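This document opens with one chain alone, in structure tokens, the form predicted on its own.
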Amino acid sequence: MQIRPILAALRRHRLATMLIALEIALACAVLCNASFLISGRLSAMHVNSGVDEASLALIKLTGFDDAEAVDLNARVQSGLTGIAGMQSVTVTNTAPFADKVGTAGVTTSQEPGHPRAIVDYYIGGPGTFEAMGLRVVAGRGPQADDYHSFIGFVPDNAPVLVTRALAEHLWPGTDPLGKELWCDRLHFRVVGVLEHLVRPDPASFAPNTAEWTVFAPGLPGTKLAGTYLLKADPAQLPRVLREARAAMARLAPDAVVDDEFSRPLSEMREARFRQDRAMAGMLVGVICALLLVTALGIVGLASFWVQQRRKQIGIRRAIGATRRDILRYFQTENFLIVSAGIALGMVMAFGLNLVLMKYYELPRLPWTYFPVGALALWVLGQLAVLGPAMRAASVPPVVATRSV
């Protein structure tokens, strides 16, 4: 198939060709970036929490007097432990997908200029680490003599465990065990590395920072009270949680149950990512609508050109062109228009991603989305032009003689 005659024909229809190419360019830019956003949201929704979600639930109490915290913890833990099917009741400050209560920065030295990260702190009383089901990949977990009372928002001089993702960020290529961390004047020493432990609100952070967390052991008291991690068999957990919530009126009449964060962890995960699912669905709708409009534009333009060129097509058929030749002509013409639109669309996609990076702190668009988007639009273009091209190929040679 000769390209030059096709290009010459397109030059005679510059405006229509340009409009379709611009439509394809817009579709390419939106398709690449929207697909990237959808992929990121889906990846975030399936993040590995690092804990045994199916067996865990929280009860969070508010409105109690800090002076009563020790007594409150004793009453609640003693009362809930007697519920049939309850495996453990421990005190924690929060859990994955629950309330965000311990976010702060850490450095690897008290001196300025050292690596820094914004992390979430998990503080758990005795038994919390084991109840969560956290997996240690290096070092050790908390031991009995690691638990101490504290007066700040996190225990000072505590032996802590960091996630592998955080360790790789703070000490790339080196062993994190024994390394020191500072949070303002608070000092910690790393005794273990966790495989996974996600932030309470991972959807608010970039995927590569969603596991920047620190687990610190601490004794329940004034600064660690009111939030209880319940562990039970997954089949019995809904009943155990209902009975535990019902028992709060008797065990803690001076406190209020926070309904939002007094649920199974699996339900809190679903609630955390509700907006992400809605956004992903909306973006899928935008992509489908844009591709449909693009396909209809290609079909409309190709049908118009077939109607205009019926006599020329008949002449070509009369001088020996086969139906396959006519079909290939329109397919090649469409391929050239779509390719021009894709080339412009890739530039627009890159520019759109720069805007999203600047104003919405999104990561850079991976280059792999460009060939995938181009392939999708090439296939769409060929499918859209197929109907008009087949109608053109069916034009009989006698059409060329009707106006003679």
Partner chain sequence: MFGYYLDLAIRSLRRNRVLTALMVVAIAAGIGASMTTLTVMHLLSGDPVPTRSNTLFYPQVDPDTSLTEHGEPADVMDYHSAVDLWRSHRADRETLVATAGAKLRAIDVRQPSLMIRVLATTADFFPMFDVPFQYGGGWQAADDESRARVAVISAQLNDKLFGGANSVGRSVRVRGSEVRIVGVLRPWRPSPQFYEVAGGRFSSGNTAGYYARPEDVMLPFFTGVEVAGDTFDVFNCWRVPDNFMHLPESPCSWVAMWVQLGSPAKVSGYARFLAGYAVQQKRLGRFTHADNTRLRGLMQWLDYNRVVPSDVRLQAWLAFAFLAVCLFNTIGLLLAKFLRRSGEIGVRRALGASRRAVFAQCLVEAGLIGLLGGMGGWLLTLLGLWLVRRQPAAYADLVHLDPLMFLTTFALAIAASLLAGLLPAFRASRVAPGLQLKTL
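Note that this is a predicted model, so its numbers are computed, not measured. Residue numbers count along the first chain shown, from 1.
Heads up, the form predicted in complex with its partner chain isn't pictured, but that's what we're talking about next.
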Taking heavy atoms only, is N48 within 4.5 angstroms of its partner chain in the predicted bound form? no
Can any non-hydrogen atom of R164 be found within 4.5 angstroms of its partner chain in the predicted bound form? no
In the predicted bound form, is there a heavy atom of its partner chain that lies within 4.5 Å of any heavy atom of D66, even though the partner is absent here? yes
Are any of the heavy atoms in A247 no more than 4.5 Å from a heavy atom of its partner chain in the predicted bound form? no
Residues V30, S204 and D254 are flagged as a possible site; in the predicted bound form, is every one of them within 4.5 Å of its partner chain by some non-hydrogen atom? yes
Note: its partner chain not shown here; in the predicted bound form, the stretch from 321-329, 300-308, 234-242, 71-79 having heavy atoms within 4.5 Å of it is 300-308
May I ask you to choose, among L26, A376, L336, L58, the residue with a heavy atom within 4.5 Å of its partner chain in the predicted bound form? L26
Interface check vs its partner chain in the predicted bound form: of E130, E168, E260, D184, the one with a heavy atom inside 4.5 Å is D184
So which bits of 281-300 sit within 4.5 Å of its partner chain in the predicted bound form, heavy atoms only? M282, L283, V286, A289, L290, V293, T294, L296, G297, G300
